[in-house]
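Given as structure tokens, the chain that follows is alone and in the form predicted alone.
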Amino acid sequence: MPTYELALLLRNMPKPELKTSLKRISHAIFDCGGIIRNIENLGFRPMPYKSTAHGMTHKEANYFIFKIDTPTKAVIDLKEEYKRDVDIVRQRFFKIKEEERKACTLEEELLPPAYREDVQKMIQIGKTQVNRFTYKFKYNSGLDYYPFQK
């Protein structure tokens, strides 16, 4: 399952209501076969611009970030469900790219550059290429004289 980051802006509400809406959001993720890895509360803060959702104008919101693993098909269902939820002002899903880990050893890094494998490859590539700066123009035009001389 791919990893997603779900950014949520929830309307201004008391803590008990906020708690129940977060439970409802998380149960929707679980029902679609997803796993919640982390929930981060960024707090209650003003929005960059006022937004209208479900017939109300919002200037401030509770910011939450969910890190979830869920099937790709379930994201469409979650988006649709969260659009209808009156407590959610705005929601966005971001797919997180998995970073490839390179195996790196200290012994290889401590070798002098001439003995490293990647430097050896670069040297071989350099030997096969023509150096464009050493090429000289040849004045072999078939004429007995240089035509541009005064």
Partner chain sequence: MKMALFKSFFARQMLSTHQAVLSTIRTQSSNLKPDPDAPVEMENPFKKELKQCILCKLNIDPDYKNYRLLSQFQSPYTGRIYPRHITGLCKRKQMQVEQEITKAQDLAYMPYTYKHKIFLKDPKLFDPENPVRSHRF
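Under this definition, the rigid core comprises the largest set of C-alpha atoms superposing within 1.5 Å between the forms. Residue numbers count along the first chain shown, from 1. From a predicted model like this one, the values you see are computed outputs, not experimental measurements.
Below, we turn to the form predicted together with its partner chain, even though it does not appear here.
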Quick check on Arg90: any heavy atom within 4.5 Å of its partner chain in the predicted complex? yes
Even though its partner chain is not shown here, does Lys83 get within 4.5 Å of it in the predicted complex, heavy atoms only? no
So in the predicted complex, is its partner chain close enough to Tyr63 to count as touching (4.5 Å, heavy atoms)? yes
Please run the contact check for Ala7 against its partner chain in the predicted complex: heavy atoms, 4.5 angstroms, yes or no? yes
Taking 4.5 Å between heavy atoms as the contact cutoff, choose which of Val119, Leu42, Leu111, Ile39 touches its partner chain in the predicted complex. Leu42
Counting only heavy atoms, which residues in 94-116 are within 4.5 Å of its partner chain in the predicted complex? Phe94, Glu99, Arg101, Lys102, Ala103, Cys104, Thr105, Leu106, Glu107, Glu109, Leu110
Quick check on Arg101: with the core superposed, does its CA move 2 angstroms or more between this form and the one not shown? yes
